[in-house]
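Below, in structure tokens: the form predicted on its own, a single chain.
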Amino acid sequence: MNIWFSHQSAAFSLALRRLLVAPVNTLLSLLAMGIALALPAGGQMLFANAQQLANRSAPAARISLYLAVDADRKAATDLESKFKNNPAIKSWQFMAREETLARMKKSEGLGDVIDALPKNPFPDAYTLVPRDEGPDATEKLAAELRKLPKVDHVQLDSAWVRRLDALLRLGRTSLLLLATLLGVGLIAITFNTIRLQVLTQRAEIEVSRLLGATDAFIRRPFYWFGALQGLGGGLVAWCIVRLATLGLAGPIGELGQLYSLGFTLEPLSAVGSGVLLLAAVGLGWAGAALSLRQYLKDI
């Protein structure tokens, strides 16, 4: 174990020296990688904030259930017992036909018309809040409610739910596509950098092999070089996203106050930051591995 740590430490030190020996080239590479990583990372941060804003500002899903006009109050009571036993229903509110009649009588121009009717034309009704507000779940619940006895009509306004769900899925897909394309670009940057390193140190590699160095010993510093370069690019990307968040927080906060949303831009989360750095290191290592597989075998 001590030998393994010793080998890794030596390879790490050598890779770090190779990075520092050409600071300008290293800085330009890190900036290119940082910008490539900052775009999907910043997109994820903005998407998470947009999703949070949409969930807060969008109206809650509601299902309106109307009983038959001839249904008595016992039918409404029986329905409430079924609501209690249905885990898909979060809460409900009962609207008696008498309350609806009194409210409609207060409407201008309807009082005399309603008084002329022989009986109350309005049914008892319920407004239900589903536990899962997704479009598929709410439609499934509405279909179940339509089968209940004495239920005349179930109204579900799910158009806005479907629009919101479609927009969020489009955002996720676009973000994934952007991250994939820029990830491939980052691998290409590391691939080319390692290729130049291998060609520059060709003579040193040949001498090492003559002295009995194994392929693992020769490859190890290059793997560390790619991983360190990826980590540096990830840190640059994190700084870019952080600075962008600080710059946008003020204007977005003022806009939220104008629309009474009480919304503040949240920075990249700790989990998101960790994923960003791990992805950067992994992509740097992958680029080094592909480059070594392509060019080191020819030496």
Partner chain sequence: MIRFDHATKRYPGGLTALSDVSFDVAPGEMVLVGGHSGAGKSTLLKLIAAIERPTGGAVLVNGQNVGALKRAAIPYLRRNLGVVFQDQKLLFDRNAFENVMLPLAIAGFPPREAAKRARAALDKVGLLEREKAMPVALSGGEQQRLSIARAVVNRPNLLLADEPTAHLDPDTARDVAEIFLDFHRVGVTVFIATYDDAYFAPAAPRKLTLDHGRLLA
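The structure presented is a predicted model; accordingly, all values stated were derived computationally and were not measured. Numbering follows the first chain given and starts at 1.
The protein also exists as the form predicted together with its partner chain; that form is not presented, and the subsequent description refers to it.
Undergrad: Leu27, Leu181 and Arg242: each with a heavy atom within 4.5 Å of its partner chain in the model of the complex?
TA: No, none of the three is in contact.
Undergrad: Does at least one non-hydrogen atom of Phe94 fall within 4.5 angstroms of its partner chain in the model of the complex?
TA: No.
Undergrad: Flag Asp72 as yes or no: does it have a non-hydrogen atom within 4.5 angstroms of any non-hydrogen atom of its partner chain in the model of the complex?
TA: Asp72 lies outside the contact set for its partner chain.
Undergrad: Is His7 close enough to touch its partner chain in the model of the complex, meaning at least one heavy atom pair within 4.5 Å?
TA: Close contact exists here: in the model of the complex, His7 approaches its partner chain to within 4.5 Å, heavy atoms only.
Undergrad: Taking its partner chain as it sits in the model of the complex, is Ser81 in contact with it (heavy atom to heavy atom, 4.5 Å or less)?
TA: No - in the model of the complex, heavy atoms of Ser81 and its partner chain never come within 4.5 Å of each other.
Undergrad: Between Leu199, Ala188, Leu176, Val207, only one gets a heavy atom within 4.5 angstroms of its partner chain in the model of the complex; which residue is that?
TA: It is Val207 that has a heavy atom within 4.5 Å of the partner.
Undergrad: Only one of Asp215, Asp136, Glu98, Asp132 gets a heavy atom within 4.5 Å of its partner chain in the model of the complex. Which one?
TA: Filtering the options by heavy-atom distance leaves Asp215.
Undergrad: Heavy atoms within 4.5 Å of its partner chain in the model of the complex: which of the stretches 85-93, 199-207, 225-233, 145-153 has them?
TA: Going through the listed ranges, the match is 199-207.
Undergrad: Pull the contact list for 3-20: residues with a heavy atom within 4.5 Å of its partner chain in the model of the complex, in sequence order.
TA: Read in sequence order, the residues that approach its partner chain (within 4.5 Å, in the model of the complex) are Ile3, Ser6, His7, Leu14, Arg17.
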